[in-house]
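As a starting point, one isolated chain is supplied in structure tokens, in the form predicted on its own.
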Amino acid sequence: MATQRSNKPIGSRLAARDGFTSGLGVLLATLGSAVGLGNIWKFPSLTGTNGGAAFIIVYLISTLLVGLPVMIAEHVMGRTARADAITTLRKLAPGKLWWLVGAAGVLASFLIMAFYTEVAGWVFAYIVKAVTGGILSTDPAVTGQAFADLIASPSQSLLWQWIVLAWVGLIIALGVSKGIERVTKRLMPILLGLLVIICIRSLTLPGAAEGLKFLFNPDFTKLTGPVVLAAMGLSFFKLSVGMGTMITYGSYFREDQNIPATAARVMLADLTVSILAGIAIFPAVFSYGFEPGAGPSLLFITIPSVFASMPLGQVFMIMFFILTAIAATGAMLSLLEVPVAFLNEKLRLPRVTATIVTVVLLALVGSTAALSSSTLASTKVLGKTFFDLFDFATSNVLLPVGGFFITLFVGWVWGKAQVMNALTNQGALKNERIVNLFIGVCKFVTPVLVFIVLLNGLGLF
């Protein structure tokens, strides 16, 4: 059963609750949540090694059927309930157990932050290393040793994780409009500007065409079953859905926000950032004869060697790691906001107190992930280090489970009339056909595909 909307003016309804103040703020904050470290290395690498343009086509189709519907569903649920992820489900389905889906999202966002802040800490550390010249070497063995030394040092790992937590916590403590919105409005244009500058430099290098061929040359022979499953999984995970972030951000949306249009713009902008990242990286990688491997080896070992090989390489290396830190910041803001919003609204803790409590808990739990390559390297749970355990539990279980039940709720439980009313802004938008299409996909397509993603992540498909 949907909650009844008040007839009070918008301004009076939102006076007691912070929210985004402009359409641009909504777009950039949501884009900041979707854009993350995966845009910088995972998407370009998967694209290049799995068919280039052919993979992008499959990814786009998968996004339209998997990631985008879940994002729209979360946004409209959040805006309707105007509450944190758990309270949203309690309001929309009072007396039912659907609130557990919101609880799974809060838990997922917390556990992701526990290990994501460690990876972000490496990025922040590499800004300093780039400035001081500590990774300015054309030899991957040297840059590889620098990375190994960083993750093997307990003090360095904890220090950089705590710096990241303090940085993101400070922004969150300022609130939604004065913190998240104001910061993302400034950081996202900087990210895009730095990406374009590095793209231009990368394209002027000799042999850059090989990098573009790696990214965009369509090879449909590589589109095997596992590749299609990889595209489906990526389309789901890259848009920050299934973890309560988009429900929480949706609760801060303006009443007149066109949710389907906003979600589509975020999806396309997110794809654009990923492609630009590929153009910035791979022409340079191929120009200097390095291997385009995926994962931390590309980000922390190969890329420093690539930039060290080119004129003014140190400058471009600094720019690259700054933009990577910006990408990580946008994602972490949305993740941290989920538990903070719950503590602030459900437990009535002041926002600053809620932020401090969450950051302290993350410092404690996250320390196990930070020390997974050093002090706690031999400590395993279910055969995994804490870092890998948090990663597996969220990416392979909590996120797809959350996405699956969210689409079931919107498609089958909430009711077509309520969904239509919410997504047309009470009839103000003439987008009934799009909403009908969305409802049909939520009912019959997205749950099936997300369930396949879940089975694949568990190794059962």
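Note that residue numbering follows the sequence shown and begins at 1. These numbers come from a predicted model, not from an experiment.
Note that the form predicted in complex with tryptophan isn't included here; everything after this is about it.
- Put simply, M188 is far from tryptophan in the predicted complex: not one heavy atom of it is within 4.5 Å.
- Within 4.5 Å of some heavy atom of tryptophan in the predicted complex lies at least one heavy atom of V241.
- In the predicted complex, tryptophan sits within 4.5 Å of a heavy atom of I112.
- With a 4.5 Å cutoff on heavy atoms, L423 does not count as touching tryptophan in the predicted complex; it lies far away.
- Judged by heavy atoms within 4.5 Å of tryptophan in the predicted complex, the contact stretch among the candidates 426-434, 26-34, 47-55, 61-69 is 26-34.
- Checking L343, A331, V176, L158 against tryptophan in the predicted complex, a heavy atom within 4.5 Å turns up for just one residue: A331.
- With the partner omitted from this view, the residue of L335, L299, V285, V101 that lies near tryptophan in the predicted complex is L335 [heavy atom within 4.5 Å].
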